[in-house]
Structure formats: structure tokens, C-alpha cells
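Next up: just one chain, as C-alpha cells, the form predicted alone.
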Amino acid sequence: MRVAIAGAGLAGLSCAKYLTDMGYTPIVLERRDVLGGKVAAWKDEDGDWYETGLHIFFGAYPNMLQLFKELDIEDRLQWKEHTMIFNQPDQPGTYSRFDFPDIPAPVNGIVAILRNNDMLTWPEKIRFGLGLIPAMIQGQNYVEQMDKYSFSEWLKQQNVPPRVETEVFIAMSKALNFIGPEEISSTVILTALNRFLQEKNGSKMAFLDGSPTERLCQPLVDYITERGGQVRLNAPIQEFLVDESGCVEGFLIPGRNGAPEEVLTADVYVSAMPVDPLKLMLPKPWQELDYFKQLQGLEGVPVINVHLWFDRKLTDIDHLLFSRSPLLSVYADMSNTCKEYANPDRSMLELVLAPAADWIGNSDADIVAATMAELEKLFPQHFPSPAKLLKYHVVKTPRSVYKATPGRQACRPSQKTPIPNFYLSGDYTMQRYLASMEGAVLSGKLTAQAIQQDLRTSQVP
């Protein structure tokens, strides 16, 4: 059985990997010349990598960790100290930490919160803890029901003091979905908190030891091709070709550089593209189906990733940092956190600018200037001198992960569509890990399982 997959991001590559395990032959088509989709990375003329985003792997990512194990690349995950580190805007150049002791969950998380006296008072901690009880007791069912509220609204309903949102959850909200707590669905943050509190190492973080394109995506490609599958770059899909019954009969690939156009045929077809281009690709007969109409409620959020190379060290911290800046979300000194990017004498900061809606149309120079102004506050000991900016790269993603505002859960589709030989994969499809690398990998696995189930019951023509 041949399965044609549109998109070589984590969802498409994971789907292909699990299909090869089931004995099928996947053909993955990627419109760009680089693997990875939202985790893509490129090398510049100096041989330095720059990435689509700052990618963090959590202990609460079971499907991702299982994938690393199956690919035999677990040693590429560089696990960091079990802590969460926040900048303190009122005390520039200082940090506040939530240190998780090596004891079972949820006690380790409770101890981490209670030990931190920099950001929250004891009354604030107690009222926040009481507010979390329904989510902890009722579990994911309660968390899903809270999708009708923004996290700001949920905090008010639980009588959690406003300072809890300001001190902790603005930063956490921007890190999870690149928007503020007044916009983000409660389901997103409560899902993360449940995982962090219920699993001992749920909030423990790891960095990859190099670029995601080489260190994660390429091993997936090798795994797929060694077992008879294909992964083709520079292979955009112009149209989903459908027959009179509405089933897919091929992917139309336009000709390039004088080559003729091509129709790729398979037994089963999968879209692993982001939701925004998928909506533009839907054949007219499909657009009237309720299943596909729900996709109109989903759209990607803009994200900007900034890379700055300096002539000296700005920090020795080997971890992710929550900036608590109005402009920046999270950042890391990749010369400390990543083996391939290591440099004992110079810093390379990778920073996520969020929310990015007001900045996505600005020039790279304007974005870097604004970022540098924020860094003067974060590292006052280094600016305006002596640290010198050597070079920079700015990567803009106008439509990244779906914007998880209240009500979006009802718009997320299953991997199985009403079209018998067509399936969806992607972090926007319905799975419990929302818009994340873990969600993308899990969606790929679920798509492969749905295909196998339907083929076994002969539901696919």
C-alpha cells in the first residue's frame, strides 16, 4: 500500500515513520528545500545554524521521547536541571527560580512553588493552589470544558489574585502559544499544569544537541527511506485531484525548471500541511462538508524568532529563560544549552518575540533594534557597552501553530476525514497535547493508526 503524505514537518515524518512500521510505503512530499516545517533550520554563510523557533522538549512528551528511543537517538537530548527560571523586571539582571526537588509528583511541584518567595506571596500561592483543585481532581474532562474561557477569565472565576497572572502566567502563556492570558484558552495552560503536576519529570526540559533538521528530522528520513519509503523536497502540491465520488485520485505536482507536471498516485492520501494552506487547498466539493467547515475556525498565530551573536558572554545560564518582557517570550543562550552551538567565549541568544502580530510586517533591523532595547534591561551589566552585536538572523512565521483562543477545541478535526482515502495530520488535529512538537508527533501516530484500522476493516477503497 502506497500512502502519499503532503508535508515533511514532524507530523508528516512521524506519520510516515509509523506507516513504515506497519508495512506500508509512504511517499512524503515537501514544497520547500528543507525538512521540518515549524522546526526547520538553516545554515548561514559562516556555518552557523538559525532556526524557525526555540524548541524545548519536556519530560511530559511521552510520544516524542518514545520516538527518540525508537530512532536510537536519545543521547541527542540534553536534559537540563529541573527548574524554571524567570527574569525579574523590577531587579534587572536577576532571576527567580522554581526548583523541583527529586521527589514524586505532585509534591515536587508544590514544593517548587512554595519555596519561591520572589514572585508570589503566601496568600497568592494558597489561593492559586485552591483554584487548581478542580482541574487536578476532575482531570482532563474539566480541562476540556474550560475551553470556553480565556485563562484570564478562569483565574478571575477561581478568585486567583491578579498578580499571579502578571507575575507567572503572562510569560507561560506566551511560551505555550505566543499570545497573552487574556487571549489563550484555559484548556491550554491547564493541560500543561496538569502534566507538570502529575508527572515527576513533566516540566523537566531538554534541548537538542544540534539543529532539529539534522538531529531529529534527518534520522526520521533515514528510517523511512531505509525501509522503502520516500521523502521528496522541492515537491509542492498544486491541487488535490478528486474523482466524481469526491475521493482523492492523485496529488498534482507542478513542473519546475522545464520539467513536466506530475500526478502522484497512491492508495491513501494524507495532508500533513499546516491548517492555513490546507484550507486554501480544499477541493470545492469538500468545502460544503461540516467536517471541513470547522477548519475555518482555526488559523495560525504569527511568530518571530531572533538570533543574536555577540562578541562576548552575556550569561553562563544553561537553561531556558522566561524573559517576562512585554516584547519577548522565552530565550536561551544557545552557546551554553546546545552542544553543536557551543562557544566558551561568545553568546548566541535565541529569542522568541511574542505576541508578534504588531511586528510581523516590520523590517528585520527594526525587530533587532527593539530586541536589543529589551536586552539592555535583561542584561544591564553588558549594555550599552561593552557587548557588541556581531550579526543576527530573524525568522518570521506569519502563520505558525493554531491560535488557541477560547472555543478552538470544537474546531479541531479528527485525523479521519469524511473522504474515505484522505486523512489529516498536524498539531491542530484533535489530540491531547495541543499545538506543540508532542502534538505533531502524536497526530502522526494517530493518523497512521487510523489508516491501518480502516484498511483492516476495508473502509478505504
Ligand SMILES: Cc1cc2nc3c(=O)[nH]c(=O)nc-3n(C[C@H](O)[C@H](O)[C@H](O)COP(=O)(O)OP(=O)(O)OC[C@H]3O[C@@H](n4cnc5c(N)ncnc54)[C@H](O)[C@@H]3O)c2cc1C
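For every residue, the number given is its place in the sequence shown, counted from 1. Every value quoted in this text rests on a predicted model; they were computed, and no experiment measured them.
The same protein also has a form predicted together with the ligand, omitted here; what follows describes it.
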{"query": "Listed residue (L54, I419, I27, V394) with a non-hydrogen atom within 4.5 angstroms of the ligand in the model of the complex", "finding": "L54"}
{"query": "In the model of the complex, the one of P274, P181, P212, G202 near the ligand [non-hydrogen atom within 4.5 angstroms]", "finding": "P274"}
{"query": "C411 within 4.5 Å of the ligand in the model of the complex, heavy atoms", "finding": "no"}
{"query": "Exercise: A235 in contact with the ligand in the model of the complex, heavy atom 4.5 Å", "finding": "yes"}
{"query": "Contact test in the model of the complex: L65 vs the ligand, heavy atoms, 4.5 Å", "finding": "no"}
{"query": "Distance check, I224 to the ligand in the model of the complex, heavy atom within 4.5 Å", "finding": "no"}
{"query": "Option from 28-36, 411-419, 41-49, 66-74 whose residues, in the model of the complex, bring a heavy atom within 4.5 Å of the ligand", "finding": "28-36"}
{"query": "Interface residues of 421-438 toward the ligand, as seen in the model of the complex [heavy atoms, 4.5 Å]", "finding": "G426, D427, A435, S436, M437, E438"}
